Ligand SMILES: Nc1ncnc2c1ncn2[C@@H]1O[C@H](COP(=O)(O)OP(=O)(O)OP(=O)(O)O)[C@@H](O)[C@H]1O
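Next up: just one chain, as structure tokens, the form predicted alone.
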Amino acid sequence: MLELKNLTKTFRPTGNPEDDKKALRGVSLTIKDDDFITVIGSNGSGKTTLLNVIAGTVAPDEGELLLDGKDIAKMSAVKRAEYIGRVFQDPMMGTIADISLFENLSIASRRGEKQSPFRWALTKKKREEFASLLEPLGLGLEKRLDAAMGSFSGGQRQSVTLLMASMNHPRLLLLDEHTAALDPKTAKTVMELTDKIVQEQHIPTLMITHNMKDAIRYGNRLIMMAEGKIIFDVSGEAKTKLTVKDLIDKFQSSSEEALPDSMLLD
């Protein structure tokens, strides 16, 4: 479904080659239609840069990105948004605080469409449709369609963002540590919702997480990154047999980087 070939990316913050940060070093990866891939690694291992390159917000120095066989390496991030849904770590980034839940959902529902006047999207039929989408979340949001998005909690906003990112059945869903800013109870709720949406809609998904238990529990495939490279790629039954200790041992044997405290504590 998505094929990445020999992606490289170097950041030069000061103009001095000695300060260069090689974020991606020849990363190749094939994401299949039925893949739900969890991605783990230390800070600076290249995880978020990889998602940014796929989303189009960062241009690779070299390499190819083939989506359904079509080269999208030079396609703008706006154009890619027709095919790719994304949820960020910050719950405030995925929705617009000053407008209503109904208006946020209406905007998301029009992704990839030729734009007609926005007021035409605010119909009674759409209200009913959105209420039916929100009700299974169990958060009572179907009764708050006219409330400003800024009045919702972080967990509620992240749940809505997840719904918005997946509502048009994207070809790929990117999740960038989307539960990291939430308390443990809310994070668990959002992860269960994530798994439900991915499984029911069969959306190929790439999820960065700092929680090694979640990386093992969810998805059918796990990749580990270090120093801009994929150092471990496991799927199927072999993944289900993994333990947190296995992941720590694998990381320590393959990289000189230290795992962040957030991963070890989780």
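Computed from a predicted structure; not experimentally measured. Counting begins at 1, following the sequence as shown.
Although not depicted, the form predicted in complex with the ligand is the subject of the following passage.
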Does any heavy atom of residue 21 come within 4.5 Å of a heavy atom of the ligand in the predicted complex?
yes
Under a 4.5 Å heavy atom criterion, is residue 17 part of the interface with the ligand in the predicted complex?
no
Can you tell me if residue 43 lies within 4.5 angstroms of the ligand in the predicted complex, counting non-hydrogen atoms only?
yes
Since only the chain is shown here, I'm wondering whether residue 221 would be in contact with the ligand in the predicted complex (any heavy atom pair within 4.5 Å).
no
Work out which of the listed stretches, 43 to 51, 64 to 72, 26 to 34, 234 to 242, brings a heavy atom within 4.5 angstroms of the ligand in the predicted complex.
43 to 51
For the stretch 210 to 225, which residues lie within 4.5 Å of the ligand in the predicted complex by non-hydrogen atom distance?
210
